[in-house]
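For reference, the chain that follows is the form predicted on its own, supplied as structure tokens.
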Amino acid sequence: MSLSLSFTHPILSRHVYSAVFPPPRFLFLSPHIPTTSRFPILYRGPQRATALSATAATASIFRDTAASASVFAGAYALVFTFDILTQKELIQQNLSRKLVHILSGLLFAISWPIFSNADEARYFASLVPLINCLRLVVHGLSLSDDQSLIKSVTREGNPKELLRGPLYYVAMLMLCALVFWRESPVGVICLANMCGGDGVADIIGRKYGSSKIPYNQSKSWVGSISMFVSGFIISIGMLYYYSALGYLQLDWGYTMHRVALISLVATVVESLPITMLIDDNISVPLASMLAAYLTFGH
């Protein structure tokens, strides 16, 4: 009578057979884990799995902590760089402020894949805008002075401005990371329209916006058109980026039409004469978020 034993080598991924007697238990490379055991004291499968889970969790924490530190350092370097360019008069302050507005949010969204796949990764990513929120509150209340920050993100150099548009901006970054994260197109589209669309509209509108919109003389046709086009293109680019990395699976024919509609909604909302009532850093992302959620459903 001959016995046959089959086991899978974890590296070579092939079957090895013994036609005489089974090898001793200590030769198994992938130990058999029974579903039940009459001797639970001798059965140590769950303990091994727990140890592996703990190791993986620790590795995820280290990775996410390092990712948060890297993203925060990058955000600080971005603001510092444009502050230096402004001080040397290589770039105007208004243009510097808008480029920070465009790049900081988009780079934050692009950085999400460097975080782990753990459920808690989004909380580590959200630490970056949370820390910036605290900075804005501290300097906005004049509890501490940071002229480089004030010059980089405010229109008139008034510290109290930090408690309005810039604070709403980083709050929206945190909201999109916490609520939608990488598995939903909603947060990505929201940030694309708030950062890219609204930012480009201001830059182009200030330079070429001589023809004003009839119902809002502070907005121009060319600015609104620029917002629609840039919001659409940046949204599609961000969605393609996450799709290529495997986080999203999209029907591109369906997606193109829906993103165009969302960008149009964001553009119309941005053009409305409601700036005195609600800041663009609130109205535009919330309108984009609602339109994207209703369109994509998640």
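Bear in mind the structure is a predicted one, so any value in this text is a computation, not a measurement. Sequential numbering from 1, following the sequence displayed.
Absent from the display: the form predicted together with a small molecule. The rest refers to it.
Participant: Pick from 97 to 105, 137 to 145, 179 to 187, 80 to 88: which stretch has a heavy atom within 4.5 Å of the small molecule in the predicted bound form?
Facilitator: Selected range: 97 to 105.
Participant: Just give me the single entry in 218, 158, 117, 92 that has a non-hydrogen atom within 4.5 angstroms of the small molecule in the predicted bound form.
Facilitator: It is 218.
Participant: Residue 192 near the small molecule in the predicted bound form, any heavy atom under 4.5 Å?
Facilitator: Contact check for residue 192: no, nothing within 4.5 Å of the small molecule in the predicted bound form.
Participant: Is residue 196 close enough to the small molecule in the predicted bound form to count, meaning some heavy atom within 4.5 Å?
Facilitator: Contact check for residue 196: no, nothing within 4.5 Å of the small molecule in the predicted bound form.
Participant: Please determine whether residue 151 contacts the small molecule in the predicted bound form, using a 4.5 Å cut-off between heavy atoms.
Facilitator: Output for residue 151 is no: heavy atoms all beyond 4.5 Å of the small molecule.
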